[in-house]
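Below, in structure tokens: the form predicted alone, a single chain.
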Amino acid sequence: MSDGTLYDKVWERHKVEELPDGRDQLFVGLHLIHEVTSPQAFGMLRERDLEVAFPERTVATTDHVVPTVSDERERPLADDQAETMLSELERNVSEAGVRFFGLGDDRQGITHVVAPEQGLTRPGMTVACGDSHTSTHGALGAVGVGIGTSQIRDVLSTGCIAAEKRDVRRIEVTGSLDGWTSAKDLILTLIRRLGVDGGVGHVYEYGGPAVRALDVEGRLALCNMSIEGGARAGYVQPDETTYDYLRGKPFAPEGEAFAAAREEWDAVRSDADATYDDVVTVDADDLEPVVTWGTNPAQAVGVTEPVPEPSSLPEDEREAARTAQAHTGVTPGEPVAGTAVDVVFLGTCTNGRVSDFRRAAAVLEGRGPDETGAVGDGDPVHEVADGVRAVAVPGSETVRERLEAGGVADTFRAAGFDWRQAGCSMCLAMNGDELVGDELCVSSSNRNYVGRQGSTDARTVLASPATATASAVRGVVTDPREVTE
């Protein structure tokens, strides 16, 4: 059993008591809610005449169903169901006194983008949300878990959840990411190796030189997809990179309070002699941009690497591989590179942050991977290929405004991207942004199961923002290094 890890320390600090069934009652430091999974929970509170126990620890935004086209954000929304969900959320947060970043608020956006960038997520916290990608918040040294509707009710009414402690697997990433490889390529590589169920029963602690070198936005992408590998949560130790990111955020402590908080944050770091239940080592030196060829994130290869023959895979994976390849239309033995593209989608809680769009803009402007700081001051060198529908959806309005102010949004518009407002959008197609027929989409999102992006005939290739953008330029799945050389 693990001992002395950040996970162990955060758990003990938030443990209220052991429950009769063996689970622990944990206090939740930050509860994030949105329009899709919270209305039912508020309804349960009303049935029991209960109030929200800690409204000051609860923060709401709207993301899943909101239109991303500016003209379609006027109220009431054209989609009656979306309007009902949003109106219900507005009523609930107003009655409960919960902070809400709604439409028209320049902080509105995807829950897992908004909370870190506002300084709401901080090291040592427990974070819960009715969304599986709550693992994202581990990037700041928190323990974030997705919860269901009944647990949302529990957190709203008591501030606590009943939870089972998991094993801790240390993911040691040696070497360094180079050039156009990113945290997205790293996590897809890890899931490919361990499988979509490889993390069941575990939380992941990411460490090693390649992880320490990531900025916080890269760490957010890494932790975000922990759940896609079956892990309950994923986290990175807080360090100077974390503290530099938090300093000056609207809801982060200031001055002496920040210094005091930093001592607390340092104290939750895993001990040097911490014990882990398992250690997995990954070498980042030889990674190339990664894409998926199938219908789950583990069915992935390097973009120039041949798609595997099902017969070459472990026996229990062969039938799923055949079914997936029949759906996506890839050819075993051939690389995914060169596959015709219909749609490119940039955004989501995985890759919808400022650095993601800067990296994508660098591809459009023909810049090198280390020149993302200079993007936005010139016309794009490359434009979206004829026949490709390219959509860019910032993860939050804060992200969008920063990219507008820096000229990066103009690069996307000039290149032929449809530049939108913040929301989950085509990641899960709940707001009308969706694939049609058997379109093939190269997407910076996190899931590629059949029907995830709308049509059940459509195909999704998961990739980094750089690879997705290079694919938009060439009209076929493309290694970003080919476009920028």
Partner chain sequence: MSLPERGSAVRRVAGTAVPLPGDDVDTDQIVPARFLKAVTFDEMGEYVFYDERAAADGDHPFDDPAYQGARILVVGDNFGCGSSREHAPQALLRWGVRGIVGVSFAEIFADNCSSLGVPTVTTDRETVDDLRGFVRSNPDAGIEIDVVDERVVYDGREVPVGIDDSARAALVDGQWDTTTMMRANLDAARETAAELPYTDTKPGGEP
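Residue numbers count along the first chain shown, from 1. It should be emphasised that the depicted structure is a prediction, and the values quoted were computed from it without experimental measurement.
In what follows, reference is made to the form predicted in complex with the partner chain, a form of this protein that is not presented.
The stretch from 77-85, 380-388, 213-221, 331-339 that comes within 4.5 Å of the partner chain in the model of the complex, counting heavy atoms only, is 77-85. Site annotation in the model of the complex: the residue of Ser312, Ser176, Thr281, Thr158 reaching within 4.5 Å of the partner chain with a heavy atom is Thr158.
Only one of Ala259, Ala267, Ala405, Val200 lies close to the partner chain in the model of the complex, with a heavy atom inside 4.5 Å, and it is Val200.
Contact between Ile147 and the partner chain in the model of the complex is found at the 4.5 Å heavy atom cutoff. Among heavy atoms of Ser70, none comes within 4.5 Å of the partner chain in the model of the complex.
Interface membership of Gln421, defined by any non-hydrogen atom within 4.5 Å of the partner chain in the model of the complex, is ruled out. Contact annotation: Pro238 falls outside 4.5 Å of the partner chain in the model of the complex, judged by heavy atom distances. Residues Arg447, Tyr449, Arg452, Thr456 are the members of 438-467 with a non-hydrogen atom no more than 4.5 angstroms from the partner chain in the model of the complex.
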